[in-house]
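Presented as structure tokens, the chain that follows is alone, the form predicted alone.
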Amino acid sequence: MLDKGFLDKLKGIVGDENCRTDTAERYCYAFDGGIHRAMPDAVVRPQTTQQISDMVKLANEYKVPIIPRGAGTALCGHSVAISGGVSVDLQGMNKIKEIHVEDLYVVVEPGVIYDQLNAALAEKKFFFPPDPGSAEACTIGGMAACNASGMRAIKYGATREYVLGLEVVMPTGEIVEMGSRTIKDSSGYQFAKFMLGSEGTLGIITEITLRVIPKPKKNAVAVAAFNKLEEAGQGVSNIIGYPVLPSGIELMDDVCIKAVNQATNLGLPEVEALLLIEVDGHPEAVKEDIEKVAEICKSSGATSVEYTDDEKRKVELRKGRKSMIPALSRYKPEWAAVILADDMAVPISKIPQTVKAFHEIADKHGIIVATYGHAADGNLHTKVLMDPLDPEHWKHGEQATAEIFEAVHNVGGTTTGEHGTGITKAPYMRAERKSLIEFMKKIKRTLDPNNIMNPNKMMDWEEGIITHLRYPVNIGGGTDPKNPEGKKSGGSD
């Protein structure tokens, strides 16, 4: 429970209508797209940077946790109020403040939605490329906080490559401007880049200056079917090594293919693996590249290759890939796709052995692991298909997850490529970054002496991952479905 004096002062800053403490409202902010749930004590919707600054200063005075939140599309518990406190909904700060394509930048507030920004830029034949899977809902502030990206990262990079400057409310309430509005900037420490991927633990991003680039004139898509998953992985390496630089290569295994077909009637070839490959650029170069991609896929073992620049067909194929996560929960009616092992990145040449290892681990533990991802940059995604009401499945899922990340680390991979760490991947990030954890903690303590800014996330989460579950299942201490507060639930508590 929050102190009444604190709440009264908080309402004085943001207004009664923008500070809510009723159970129904708080429940909506108790989870993101992942597996965890914990209720904040209050929800606020600030409208200005100054309101956020005043609120953070007040939180320091009362030692109340602050949890920044965009659209809640994150998958690892980033915005779950694991320690209670105030959930800060930034979606109301949603203005595109400036567009200067002649200088290659835009200025936006954190609540601007990715697709809406690109719709505005499209009128000027420019775009902001990262293309996350949740593009229709995710906010630019959330993308910056997690250094998000998507299928275009192989050619265009992640959010970090486009952030020129930030306005940030630091954990003690100061408003700090970082970076610049210029393409080049070597003035002092590059704090704007440092904030990217900090997941709300080092401050609240209140304004973002982004570099934008001209849209390519044309693109084309190829779909290649493989009877062996390892051959599809080798096909990715062969395309990159040729060299062709596609704007994206998406990998789907047989579980993903069947799930998408069941959900969308798209009629994809039901083989062991598909590659969805996109190239873009000048029309002549696109034609040459897509034909070369088809040739490489065939020589890598593809049983069939379709390629097209037809807009309707391209939309259909992309829709199939975008619908994959919800489609996976229809693969087996009594099971669900659970976010456990997810979003690892490996060297591109290691994709074949890595995906093979994932399937071997799944077979060992009697679960299904669907494998897909942005294979062109080595960013693999997995979803564990299991019965979320079966405690034994959770135990096997947790064991399989640990082995999956061990396999990733063994080939020189990293725990997260684009989704960030939050809670769900914290133990595996800590294992990967052993020599850095104490330095990360020192930076956090220095900038946030009262530890109010999204506490107990990333390097500071030292418990397991099967905890504070949003599912009504008993594991150890269990999650009580009659306890919407989500306090102390799960086997690690």
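Note that the coordinates shown come from a computational prediction; the quantities given were computed from them, not determined experimentally. One-based numbering along the sequence shown.
There is another form of the same protein, the form predicted in complex with a small molecule; it is not shown, and what comes next is about it.
Of the residues given (378, 203, 246, 233), 203 alone sits with a heavy atom within 4.5 Å of the small molecule in the predicted complex. Contact with the small molecule in the predicted complex, judged by any heavy atom within 4.5 Å, is made by just one of 415, 134, 354, 300: 134. Not one of 347, 397 and 404 places a heavy atom within 4.5 Å of the small molecule in the predicted complex.
Using a 4.5 Å cutoff between non-hydrogen atoms, residue 199 counts as a contact of the small molecule in the predicted complex.
The small molecule in the predicted complex comes within 4.5 Å of a heavy atom belonging to residue 69. Though the partner is left out of this view, residue 382 does not reach within 4.5 Å of the small molecule in the predicted complex, counting heavy atoms only. Put simply, residue 150 is close to the small molecule in the predicted complex: some heavy atom of it is within 4.5 Å. Contact with the small molecule in the predicted complex, judged as any non-hydrogen atom within 4.5 angstroms, is confined among 204-212, 270-278, 387-395, 116-124 to 204-212.
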